[in-house]
Each structure stands twice: as structure tokens, then as C-alpha cells.
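The chain below stands alone, shown as C-alpha cells; this is the form predicted on its own.
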């Protein structure tokens, strides 16, 4: 309760008791004033040097797994904290395994983990909870509200801490065999395992012109300098590069809404393709026409084969949202200059429009191998030069 609700009445009581010479009542009023002042000062300092923190041994996992969360409240001063209430905001999708521990809040899909403490001087209290990962996504734990007061319960103080932690729930990859791709040659490149391409973005020198050379390769400055036709020589690169292109647009038009079940299925398909491609020796990357969750950054993972590349890909897929930045065909043509020359592009989509078919054809003409995995209800028309695999999605 605020001090303005107490002190004016206590002062009036003190003045009245002195005027009427009721000295026991005056002594009682003075005692209440002193207690109220001490309680007010205590409550103001109650949250000073009080620390609350979370500790997660593991910060990522798959749906159905459990993680251990430790919460620590510590009083780093001589003044005790008679009572401390900590309200920690936790998403319901990664809340405690015992759902009764999470209180209902006004925020959608968010709950409050409330803990009560009584801390002496320089005391620390640790409590352990088991979190259950229920759904794919990247979830933010926090913020935290700390409330404390004096020993008499007259006043209280509040502090809001923006201390955030993040939990990543990977999509559960589908069984690759369920996709219906050829078991021995799923991406149609086994015969081209050692094939090399020349990347036009990496020029390594010039040489004399030969009749079979494309006229567009002529290096005009070198030709003018030597007096003879010279052509560019490009850096050869391996064709074992794959870029998974995920379409998060689950309806023909973005104003038609979204199909969350279809998006979840597409992310699981992308996870299965990435897992199999890395096992087959590809350098795998990932792009999508959305933004990463909790970050205003493009959805782009460069191709790689490092030991933690699969974790990077799954983390990006965990952050996939229904927010669409562009139609898939425009997105692919915009990203085309950044894609490695000669790479295999695996287009994963739930909607196969005529514009997407034309974009796939243009990518094929620019030297990329294109595999179109369509989960549309209607079977799309074939695209020349593009491997088309149709698997209609059934919830």
C-alpha cells in the first residue's frame, strides 16, 4: 500500500492526541510512523542487488524431448528480503512438463512461472524444472518481473528485467523414404559426382580464342591489348552443391490466409532432404521467402559441409514462420545471382503456380539443376529440363 494512504492519517492522529493530551495514543501514533518509515525504506531497497537468472544445460531439441531449466534467485546484500515473488514469462509450447506450474496470462500462448522466495543476507535459492518441448519453433523465455517488500507487508516494490533466453525446437525430419524419391539416385546426380562447372563469377585468367568458344566470353580489354581475340577462363567448381528453397506461402494468394499444417509438413520435408543431402556429400544451403523468427534478417544459410551445418539448417527451419516476404517465383529470381553456379536447387512448395514453373525454367537455363518437390493437391504440368516430383499433401 502506498505511503500517502498511511502517513496523513497517522500525522492527524498524532496531532489530535497531543492536543487532547492523550499521550499513550500519541506514543502509539509515533510508533506507527516509525514503523511505516522503516517499512518504506526497507521496501525501496528490497530489490537492490537481487539477481534472478535461468540456466539451461541444452538450448535445443526435438519435439517430445525434455530439457532441464534451473532458476536461481540470489540476494547479494546484508538486508534480508522477507518475501520475493518472481513472475517469469514462459511460452506454453516449451512450458514445464507439469502444466499446473504455468499460470494463465493475458498474452496468447504465454504462461507465467511464479516462484516465491524468502532470502536472508547473501543467500541463493536454486529450483529445477523440467521443460517439455511440444512444438517446432524458436521460443523466447522472458521477460521477468520481480516483486518484493518489507517484513510488515505494508509496501512493495517491483522491477521488470528484460533477461531473455531462447529455446530452439527443431522440426522432426520425415523418413526420407516416404518422399518417394529414387533410393539409389534421389537427386539425379550420381553420374555427375565428379563433374565440374565454370563459375562465371570467378574469373581466373584469359586465353586465346577458339572456334567452339561462346562469343560472350570474349575479354575485350585483353583483346585490345594483345591484338588477338582473348576469352575469359573461369574458376572450375564442383557440382556437388545443393540449395534447398522452401516456399512458406501455403495458399495461392497471401490474402487467402495460411495453412499451418502444410507449413509444418514442408519444414519436415526440408529437414529430411537436408539430412540426406549432407550424408550424400553435398554442400547444403537453405533459403526461404520468409524472415527468421525473432530477427529482422533474411532467411538464408550459405552452403556448407561443416560438422555443425545440419544444426544450422535445422535451427533455420525451426524459425520458419508463416510471414511471407515475397511470392516464391519472384524470390527465386531475386536470389538467383547469389546461388552457386551449377548448384542443384531443390524447390519445396505446397503451391505450384504457372509463375513458379516459369521461374524454375529460367533457373534451369542459367545453369542450375532444378528439382521441384510439389505437394500441391493438383498435379502441376511438367517443366522442360526440371525434375518434377508430385506428392499431394493430405493432413
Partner chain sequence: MSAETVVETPNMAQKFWRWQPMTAALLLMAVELMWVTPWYRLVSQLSIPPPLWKTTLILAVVLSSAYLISYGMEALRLLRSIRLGALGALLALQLIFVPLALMGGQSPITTAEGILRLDLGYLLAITTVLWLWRRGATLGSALLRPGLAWQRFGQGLLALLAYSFVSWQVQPVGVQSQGDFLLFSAYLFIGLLAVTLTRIAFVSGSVRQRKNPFDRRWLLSVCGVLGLVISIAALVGSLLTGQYQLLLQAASVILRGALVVGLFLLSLPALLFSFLIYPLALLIQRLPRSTPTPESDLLGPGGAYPPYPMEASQGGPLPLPLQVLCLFSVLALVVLFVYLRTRKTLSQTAVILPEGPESLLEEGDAARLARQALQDWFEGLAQRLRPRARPLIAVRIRQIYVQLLQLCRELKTPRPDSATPLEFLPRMAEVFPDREQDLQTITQLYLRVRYGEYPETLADVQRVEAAWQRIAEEGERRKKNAVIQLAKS
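Positions refer to the first chain, counted from 1. Since we're looking at a predicted model, the values are computed, not measured. Take the two forms, find the largest set of C-alpha atoms that superpose within 1.5 Å, and that set is the rigid core.
The same protein also exists as the form predicted in complex with its partner chain; that form is not shown, yet it is the one meant from here on.
With the partner removed from view, the residue among 98, 256, 178, 214 that has a non-hydrogen atom within 4.5 Å of its partner chain in the predicted complex turns out to be 98. With the partner omitted from this view, the residue of 207, 124, 158, 225 that lies near its partner chain in the predicted complex is 124 [heavy atom within 4.5 Å].
Its partner chain is not shown here, but in the predicted complex it comes within 4.5 Å of a heavy atom of residue 117. In the predicted complex, its partner chain sits beyond 4.5 Å of every heavy atom of residue 294. Proximity of residue 22 to its partner chain in the predicted complex falls within the 4.5 Å heavy atom cutoff. Although the partner is absent here, residue 78 lies within 4.5 Å of its partner chain in the predicted complex, judged by heavy atoms. Annotated contacts: 30, 82 and 154 all touch its partner chain in the predicted complex [non-hydrogen atom within 4.5 angstroms]. The stretch that touches its partner chain in the predicted complex, counting heavy atoms within 4.5 Å, is 99-107, out of 316-324, 285-293, 216-224, 99-107. If you fit the rigid core between this form and the one not shown, you'll see the Cα of residue 15 move by 2 angstroms or more.
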